[in-house]
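Given as structure tokens, the chain that follows is alone and in the form predicted on its own.
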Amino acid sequence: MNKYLISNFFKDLQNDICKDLEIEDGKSQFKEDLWERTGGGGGRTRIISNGNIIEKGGVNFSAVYGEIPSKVKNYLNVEGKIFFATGVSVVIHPLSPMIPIIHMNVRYFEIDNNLYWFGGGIDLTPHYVNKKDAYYFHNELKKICDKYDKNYYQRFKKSADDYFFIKHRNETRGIGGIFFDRLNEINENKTKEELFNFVKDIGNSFSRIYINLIRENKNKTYSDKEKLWQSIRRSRYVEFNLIYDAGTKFGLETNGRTESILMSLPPQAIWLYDYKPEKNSKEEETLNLLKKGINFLEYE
């Protein structure tokens, strides 16, 4: 198994997700922007906007290579000269505040055709935490994890809780999911093919899981109050992605395409000074669930 086979899977995954989302949205279609990276490689940025369901979304594929920058080498704590990185990154911002934001990233990284690892994850950011949806989302991920290792789900859920944490707000970005990196170092006894199969299953689960969540919530009514809360929660999404997100940092440090890197940001967001939700409101209930360590599988 070589890097080109892996990269081709990610290309096909991008195609499949875009097709599935276009069908579900029923109005808007993805626009493709091909780009090349100075130094080696490039990608396909696909953006959808102003749809029936999706206000803004991106499904990006990239395969970049070249001399590894010293900053990245230090950040990853690796030695070597030439890197190759490929993957798919998805962020969907729905029009309705009753439908959650979703993010997924699956990726492969290699140095000097020798050192390699897989990484990725999928997490959900509801504007309003729905316990039924939270259970469904986490249970679907657990079922995939359990196929490969009974310890994966708890380990990767904790990693997601820790990673998708907005330190300066003391709250998680959403209800988490799973997050993993350097998968081969976690499971040294598994073959490269076995690790890749896990990554493929995560990637291929995206459309099924998110489309189900869309259908569960798209007909729920909302008012200006819910739209205001959506804009406030989107501002937290912006804060995380610009301050803490490793993918954003890696892309910018390796001279990636800025527009593609920042496609994860919502179309609008607002910052209200010292905003606090009303006591015993739906908004306060959601904030109380944006904590590390919550077992959403208890909400069956």
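From 1 onward, residues are counted along the sequence shown. What you see is a predicted model; the values in this text were computed from it and never measured.
A second form of this protein, the form predicted in complex with another copy of the chain, is not displayed here; the remarks below concern that form.
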In the model of the complex, the residue from Ala269, Ile53, Ile68, Val64 with a non-hydrogen atom within 4.5 Å of another copy of the chain is Ala269
Any non-hydrogen atom of Asn255 within 4.5 angstroms of another copy of the chain in the model of the complex = yes
Consider His168 of the chain shown here, and say whether it contacts another copy of the chain in the model of the complex, taking contact as heavy atoms within 4.5 Å.
-> yes
Would you please decide whether Ile243 lies within 4.5 angstroms of another copy of the chain in the model of the complex, comparing each non-hydrogen atom pair?
-> yes
Indicate whether another copy of the chain has at least one heavy atom within 4.5 Å of a heavy atom of Glu36 in the model of the complex.
-> no
Non-hydrogen atoms within 4.5 angstroms of another copy of the chain in the model of the complex: do Glu239, Leu265 and Asp274 all have one?
-> yes
Among 168 to 176, 119 to 127, 214 to 222, 145 to 153, the stretch whose residues bring a heavy atom within 4.5 Å of another copy of the chain in the model of the complex is 168 to 176
From first to last in sequence, which residues of 21 to 49 have any non-hydrogen atom within 4.5 angstroms of another copy of the chain in the model of the complex?
-> Asp33, Thr45, Ile47
